[in-house]
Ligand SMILES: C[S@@+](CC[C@H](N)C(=O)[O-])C[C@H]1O[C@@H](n2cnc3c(N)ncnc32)[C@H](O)[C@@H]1O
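Coming up is one lone chain in structure tokens, specifically the form predicted on its own.
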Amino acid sequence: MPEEDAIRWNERYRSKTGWETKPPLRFLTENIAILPKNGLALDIAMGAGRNAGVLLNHGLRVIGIDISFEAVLLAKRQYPHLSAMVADLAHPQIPPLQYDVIINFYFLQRELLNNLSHFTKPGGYVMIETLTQKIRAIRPQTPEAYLLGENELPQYFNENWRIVKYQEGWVQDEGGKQKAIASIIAKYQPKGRKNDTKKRA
């Protein structure tokens, strides 16, 4: 399966154009001020680097990982200071470091969500956005395994995390299309106070 995914994504990056001009995710750009301006960041399933570039411009050092070597080449071409590697994301091979920022957009790996505290520095931030099962109302072909259930995302953040921002529902994407998503920003505070959750539709 991972080999098939790599072949499929490599072909997509080879055959389609415009990856370099695709805008970064709005959830990241609208909330970039929350994140620290220095330290080490990890971009999981980074694609062609559109979001890693935002982190670099914010002042962070960035490691990006993706299953597609074509995507990694595109990202490195745009951002020479980016550290990037090809990895099997079905069994995440995350460099064993502690990160000040971790972003994970539109790649759902529940094993990874359960282990975020192993890779996040105390005081560090995690930012996640991905599709929920409600998207099947307009994309019924999307496998349920790749979609979050209702209110599932906050459950991966226990009392050692403070949820800074959380939203779930239908939003308009960067291209003007509707999508059903869950988005979260959480700060790792081991033995800290309980989550202070802010929800918005």
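Note that the structure is a prediction, hence the values are computed from the model and not measured. In this text, residue numbers run from 1 along the sequence as written.
Just so it is clear, the following notes concern the form predicted together with the ligand, a form of the same protein that is not shown.
In terms of contact with the ligand in the predicted bound form, the residue from L74, L89, L113, A84 that brings a heavy atom within 4.5 Å is L89. Contact with the ligand in the predicted bound form, judged by any heavy atom within 4.5 Å, is made by just one of F105, Y125, F119, Y79: F105. Using a 4.5 Å cutoff between non-hydrogen atoms, Y13 counts as a contact of the ligand in the predicted bound form. Among residues of the shown chain, W9 is one whose heavy atoms approach the ligand to within 4.5 Å in the predicted bound form.
In the predicted bound form, at least one heavy atom of R50 sits within 4.5 Å of the ligand. Proximity of M46 to the ligand in the predicted bound form falls within the 4.5 Å heavy atom cutoff. Contact annotation: the ligand lies within 4.5 Å of heavy atoms from the stretch 62-70 in the predicted bound form, the single such stretch among 137-145, 30-38, 153-161, 62-70.
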